[in-house]
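This document starts with one chain, in the form predicted alone, laid out as structure tokens.
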Amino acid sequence: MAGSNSGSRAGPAVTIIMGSLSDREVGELAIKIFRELGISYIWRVASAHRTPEKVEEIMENSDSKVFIGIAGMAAHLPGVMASHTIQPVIAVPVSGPMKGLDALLSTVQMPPGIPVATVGVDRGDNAALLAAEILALQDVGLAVKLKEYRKMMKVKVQAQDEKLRKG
């Protein structure tokens, strides 16, 4: 399964790999942000345990600048992804039988030398925003879009406060 949003780069700026299609809802949170910000992406399904050769092939053939690994339970996928690149890898632990604690601990306890950034459980949106911040280090236009996105969030909260105070 692959979907993409075209951008100005030769290939997608971000590659998302989900451990299974059941992680799609979390991945869609990231896709929504990428579409809003005009960031090119591709998303795939590959398992660190069931299709490790596919993970390796995706990683070694990608020219993406940032990677996002979305997985639950043992959640080894982001670590395996990181072992195949020196580009940033962002882990999104997915909730499951242990409410995502197992996946969270799997992603934050990487061994020395193979770091993985980890966002909150089921926070595909935060992974996309972190990826956008990394990309914005070399893209002034994207940095401007991120600042506007933050302003929009501020306006929404202020509107909610106003609505609450008015009853």
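The structure displayed is predicted, hence computed values, not measured ones. Counting begins at 1, following the sequence as shown.
Missing here is the form predicted in complex with another copy of the chain; even so, the following discussion is about that form.
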Whether Val45, Gln87 and Leu101 jointly form a contact site for another copy of the chain in the predicted complex is the question; each needs a heavy atom within 4.5 Å. yes
Does any heavy atom of Met18 come within 4.5 Å of a heavy atom of another copy of the chain in the predicted complex? yes
At the 4.5 Å heavy atom threshold, is Ser106 in contact with another copy of the chain in the predicted complex? yes
Please tell me whether any heavy atom belonging to Gln138 falls inside 4.5 Å of a heavy atom of another copy of the chain, as the geometry stands in the predicted complex. yes
So in the predicted complex, does any heavy atom of Gly38 sit within 4.5 Å of another copy of the chain? no
Within 4.5 Å of another copy of the chain in the predicted complex: residues from 105 to 129 (heavy atom criterion): Leu105, Ser106, Val108, Gln109, Met110, Pro111, Pro112, Gly113, Ile114, Pro115, Val116, Ala117, Thr118, Val119, Gly120, Val121, Arg123, Asp125, Asn126, Leu129
